[in-house]
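Encoded as structure tokens, the following chain is the form predicted alone, with no partner shown.
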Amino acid sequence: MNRRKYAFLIMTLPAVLLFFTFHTYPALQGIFYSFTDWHGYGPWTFVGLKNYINVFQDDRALHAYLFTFKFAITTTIIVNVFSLLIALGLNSKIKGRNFFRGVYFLPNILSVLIVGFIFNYIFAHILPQMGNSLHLKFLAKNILGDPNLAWIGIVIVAAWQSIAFNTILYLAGLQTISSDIYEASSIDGAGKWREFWSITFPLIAPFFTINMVLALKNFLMVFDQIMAMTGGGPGESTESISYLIYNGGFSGGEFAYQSANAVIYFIVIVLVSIIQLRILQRREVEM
């Protein structure tokens, strides 16, 4: 038995070492440098909490936080509403439902950057050409070039690609519900709307919690779509926290400052996830 335990330990040790080397150690190193004035090169000195204080006084950082939360909350709601509707449709007895399940899951396996570049071309060239041909003003304009509308294009792309994964989770939840419950409710005269609110939604509440927490966490970390579609522009209108940290830390000589921003960002995401989890789990119990 002891040999078996040692075998398992030896098998997990390489994975632990790799995780520590490429994840934990760089994270600890970033926390260390957040208390310095290091630019990513050359000498450095300790500055204490100066970087953290400056983040809260930085209008650009505050704008990035506001944009990120606006984007994340909007996209999370859209993704979960459409994912649940699609899952309900695919769970019903329709012809070719397995084919449609595969079709809906396809966007999830595509590279986010490639999808972003493709949609960038669509918004910049294809849709405006269609709009001009059809004399539709709302299509003739490249929304990615408008500071007030660019974020909507990012929401559309992020939601389109993320709906696939959430739909699969909702489908898994729907398949845990026994058909006998629906048969009993139909005998009692319950309609589809009443079935959904009294049976379906309460029974898939844990899956709803998982989807909401994962979706909000992932969208708060949005980076690839912005990198491929707008580069944070026009101006700074679509600059997310992740993109600001990357751009300032690796290109702007603000490594220590953006490391402090990253630490604050990490704490914010953890707190939001914990609060969200507590609220949704309490709702599960009430249901």
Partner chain sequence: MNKAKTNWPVQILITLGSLLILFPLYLTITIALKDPQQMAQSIIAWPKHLHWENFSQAIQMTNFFQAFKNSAIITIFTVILTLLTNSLVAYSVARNMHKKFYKFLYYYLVSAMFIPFPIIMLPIVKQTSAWGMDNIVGLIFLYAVYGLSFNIFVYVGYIKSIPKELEEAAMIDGAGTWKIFWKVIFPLLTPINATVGILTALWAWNDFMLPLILLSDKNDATLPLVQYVFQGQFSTNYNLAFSSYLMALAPMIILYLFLQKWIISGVTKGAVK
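Because the structure is a prediction, the values reported are computed rather than measured. Take the two forms, find the largest set of C-alpha atoms that superpose within 1.5 Å, and that set is the rigid core. Residue numbers count along the first chain shown, from 1.
The form predicted together with its partner chain is left out here; the points below concern that form.
Using heavy atoms only and a 4.5 Å cut-off, determine which of Ile152, Ile77, Ile122, Ile199 is in contact with its partner chain in the model of the complex.
The option sitting close enough to the partner is Ile122.
Going by heavy atom distances of 4.5 angstroms or less, which of Val81, Ile73, Ile114, Leu134 would be at the interface with its partner chain in the model of the complex?
Contact check passes for Ile114.
Contact label in the model of the complex: Ile275 to its partner chain, heavy atom within 4.5 Å:
Contact check for Ile275: no, nothing within 4.5 Å of its partner chain in the model of the complex.
How about Thr68: is it within 4.5 Å of its partner chain in the model of the complex, going by heavy atoms?
Taking the distances in the model of the complex, the answer for Thr68 is no, it never comes within 4.5 Å of its partner chain.
Mark Met212 yes when one of its heavy atoms lies within 4.5 Å of a heavy atom of its partner chain in the model of the complex, and no otherwise.
So Met212 does not count as contacting its partner chain.
Does at least one non-hydrogen atom of Phe250 fall within 4.5 angstroms of its partner chain in the model of the complex?
Phe250 belongs to the contact set for its partner chain.
Would you give me the residues of 129-147 that have any heavy atom within 4.5 Å of its partner chain in the model of the complex, in order from first to last?
Heavy-atom contacts to its partner chain in the model of the complex: only Gln129.
When the two forms are laid on each other by their rigid core, does Ile275 show a Cα shift of 2 Å or more between this form and the one not shown?
Not so; Ile275 is displaced by less than 2 Å.
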